[in-house]
Ligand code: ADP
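One chain comes next, on its own, written out as structure tokens in the form predicted on its own.
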């Protein structure tokens, strides 16, 4: 029986968030806290509000020796979320404007920073016993190697890949400064086309490797989605599995959401929220369909396809709202479109409450992702009565069933699914959505069905429990 689990991630909502990892690192431990004694560890970034989240010093400090250098570490804690959160503070890791730097490049010393995070996790394991260490993404993957090297420590290690596109790749000369012997500079370990790959440490040295949907677990074994690691993953396939993410059904609940002007529990109840949002954004036509995009402005999210299709979508009798942060080139392109089309509104940046308001107001969510390990947005959309329009990849395959196959007694969520990653395919799906919207009774029937479906962590928590016990 598993007793103690240390769950490690570089970002956890509500303390720090750039993407879906933060949501998972918040909601999965909440779902598991009644199953096992779970603690979450993350960096204490300087922009985290310690007073707001009741984060206090644990009165413990130590130094980590890495690459011949000594780095000071201070430990902080909080139980504000109903379980133990441990925060690691070290100036080089935490005293930054943002978590990782700009989307285009990142901080030049991210390898050093997050190697230190892994060393600090390893140090925590020496101070307190844990049965399992659950590592997430490249930022703490090196901890798997450090545990493997340590003949005294004996926790089992689970490593979860949230997005294979971000692997933590650095120049080979970083080995000396992060204190890793050159014997690990091999194809079977950290070497990756002459560089160092942190994610490979997690894959190679963890006892189990998971990713965030069954379809994505299969896709990453192929050259199309493997990002250069498909051969390495095939070699470790026996310990690879896919467990679908969920959403926190309390946090994403239109019945309880304090960010909304009006709570609701069916399609008709959305109207006050839609009216309010359109008024705020100076858009007209509450009876017109509202298409939205909420997410990162990156190539992965299909933003190139979206930008190409937007002028034609805008020519329909509809409104379009875009929210997200990311690469400046996309920001500039969307700004130009907003200047040309009065029915397009862009908010560049991210605001959690505003995102909730957009879901509550919208009729359709656009998700033209080129690849999507799991995706949470489509599940949030279901909960808020918004129909997702998605590309048939990754976790979108596992969570969004084609509207044409709708069965009222099923437990699946339904949306509009297109097969090819092109602006034409996206536009055709939008046009289908526009037609369905005209049939108000059928549209509301689908929306109400989706809102009743369960996309919580309940099933996934059982799968993780089974993995922990294994």
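Positions refer to the first chain, counted from 1. Here the structure is a predicted model, which is why all the values come from computation and not from measurement.
Not on display, but discussed next: the form predicted together with ligand ADP.
At 4.5 angstroms, heavy atoms only, are 9, 144 and 196 all close to ligand ADP in the predicted bound form?
The answer is no; none of 9, 144 and 196 reaches ligand ADP.
Determine whether any heavy atom of residue 107 comes within 4.5 Å of a heavy atom of ligand ADP in the predicted bound form, and answer yes or no.
Although ligand ADP is absent here, residue 107 would stay clear of it in the predicted bound form, with no heavy atoms inside 4.5 Å.
May I ask you to state whether residue 246 is within 4.5 Å of ligand ADP in the predicted bound form, using heavy atom distances?
Residue 246: no contact with ligand ADP in the predicted bound form.
Does residue 91 reach ligand ADP in the predicted bound form, with heavy atoms at most 4.5 Å apart?
Because no heavy atom of residue 91 falls inside 4.5 Å of ligand ADP in the predicted bound form, the answer is no.
Classify residue 350 as contacting or not contacting ligand ADP in the predicted bound form by the rule of any non-hydrogen atom within 4.5 angstroms, answering yes or no.
The answer is yes: residue 350 has a heavy atom within 4.5 Å of ligand ADP.
Name the single residue among 330, 216, 87, 359 that comes within 4.5 Å of ligand ADP in the predicted bound form, judging by heavy atoms.
Looking at 330, 216, 87, 359 one by one, just 359 meets the 4.5 Å heavy-atom criterion.
Considering 355, 338, 283, 316, which brings a non-hydrogen atom within 4.5 Å of ligand ADP in the predicted bound form?
Looking at the other structure, the residue within range turns out to be 355.
Counting only non-hydrogen atoms, which stretch in 123 to 131, 72 to 80, 110 to 118, 292 to 300 is within 4.5 Å of ligand ADP in the predicted bound form?
Of the stretches listed, the one contacting the partner is 292 to 300.
Neighbours of ligand ADP in the predicted bound form among 377 to 398 [non-hydrogen atom within 4.5 angstroms]:
Counting only heavy atoms within 4.5 Å of ligand ADP in the predicted bound form, the contacting residues of 377 to 398 are 377, 380.
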